[in-house]
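Coming up is one lone chain in structure tokens, specifically the form predicted alone.
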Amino acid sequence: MTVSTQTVSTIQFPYKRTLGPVMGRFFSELTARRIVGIRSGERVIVPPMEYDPETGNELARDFVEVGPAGTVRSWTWVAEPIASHPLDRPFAFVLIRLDGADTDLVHVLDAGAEDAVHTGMRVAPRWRDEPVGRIDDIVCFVPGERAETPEGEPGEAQEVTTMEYFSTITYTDVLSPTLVRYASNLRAGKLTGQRCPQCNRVFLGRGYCSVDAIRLGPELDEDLPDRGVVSNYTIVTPTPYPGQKETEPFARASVVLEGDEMVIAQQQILDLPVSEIRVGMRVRAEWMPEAERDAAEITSKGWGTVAGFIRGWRPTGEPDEPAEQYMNRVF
């Protein structure tokens, strides 16, 4: 099977922050479908700020309701939205000077077509059916003077003190020729590395010797055993977090491959209580089924990585190696 030279990865983690008295008031008012700014001398700043952006002085909590309609001051058209954009159809990012404000609010405009957008046009918000105190309680702005509001009164503003969301980044890795060969061999159920001709150390999927700073080409590839010895380990006791899969204490171990100094770190020891894992224990790799290995990917930072190809390492039952020879070493 051909290995792709690029992989796309996504990192996502939950984020929570307190809003403070000023932004907290702004988001609280959104739950009642109102937009507020804060007075700074003769100006009204929207969204409100705790400190004057020109002088740095703390502002009095003099909030002013503005809008909801306003005037487009500047805009840019998005013809092909991506998953992280607020709308799933072409739209414009706009700077809007809401009525009664002296600064501009960044938001999105659903105008239908690029030629329907122009600087100076009047727009108004389209409100979410059930506002919760987020900026997307205003789904978007639309052309015209009248806000699009669901039937019924919004009720009193609900206090909002924190903001919670998932922070996500998606990135593309371009794989080196060494990693492509490494991943191809992992899919075939083989561990391979390159042996440095100067220091005799073996490296997995790296393509260079980090000791002698020389390139390690395909002519230095060699097959490595999928057996080894546990050289150290850590027992992790999970704490609750979104998307949690591990709920009981688990171990991650470093395995020194048999007959060499090559270490594969962060490995799972299979079918053994964490209390029975020990330094010097002999283990053998348990490979994922071929179909699952074919679906696995490796990233540009994946030298030495076997995740998705090796399920874990199973004790062989053979006598342990002396633990003393692995003391005070990581690699």
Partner chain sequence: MTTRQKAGETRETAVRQDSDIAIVATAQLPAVRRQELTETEMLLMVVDEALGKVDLKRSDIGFSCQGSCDYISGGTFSFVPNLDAMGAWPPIHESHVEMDGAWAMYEAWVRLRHGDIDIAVAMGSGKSSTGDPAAIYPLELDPYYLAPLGLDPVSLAALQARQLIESGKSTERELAEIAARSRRDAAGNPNQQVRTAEQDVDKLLAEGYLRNPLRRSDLPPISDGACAVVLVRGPRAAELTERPAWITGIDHRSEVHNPALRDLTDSASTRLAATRAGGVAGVEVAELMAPFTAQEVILRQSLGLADDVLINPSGGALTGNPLMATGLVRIADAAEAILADGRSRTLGHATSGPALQQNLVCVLEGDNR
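Since the structure is predicted, the reported quantities are computational estimates derived from the model, not experimental observations. Positions refer to the first chain, counted from 1.
The same protein also exists as the form predicted together with the partner chain; that form is not shown, yet it is the one meant from here on.
- Contact annotation: the partner chain lies within 4.5 Å of heavy atoms from the stretch 81 to 89 in the predicted bound form, the single such stretch among 81 to 89, 221 to 229, 183 to 191, 143 to 151.
- With the partner omitted from this view, the residue of A116, M121, M163, V132 that lies near the partner chain in the predicted bound form is M163 [heavy atom within 4.5 Å].
- In the predicted bound form, the partner chain stays beyond 4.5 Å of every heavy atom belonging to W127.
- Taking non-hydrogen atoms only, L19 approaches the partner chain to within 4.5 angstroms in the predicted bound form.
- In the predicted bound form, the partner chain lies within 4.5 Å of some heavy atom of V94.
- The partner chain is not shown here, but in the predicted bound form it comes within 4.5 Å of a heavy atom of V46.
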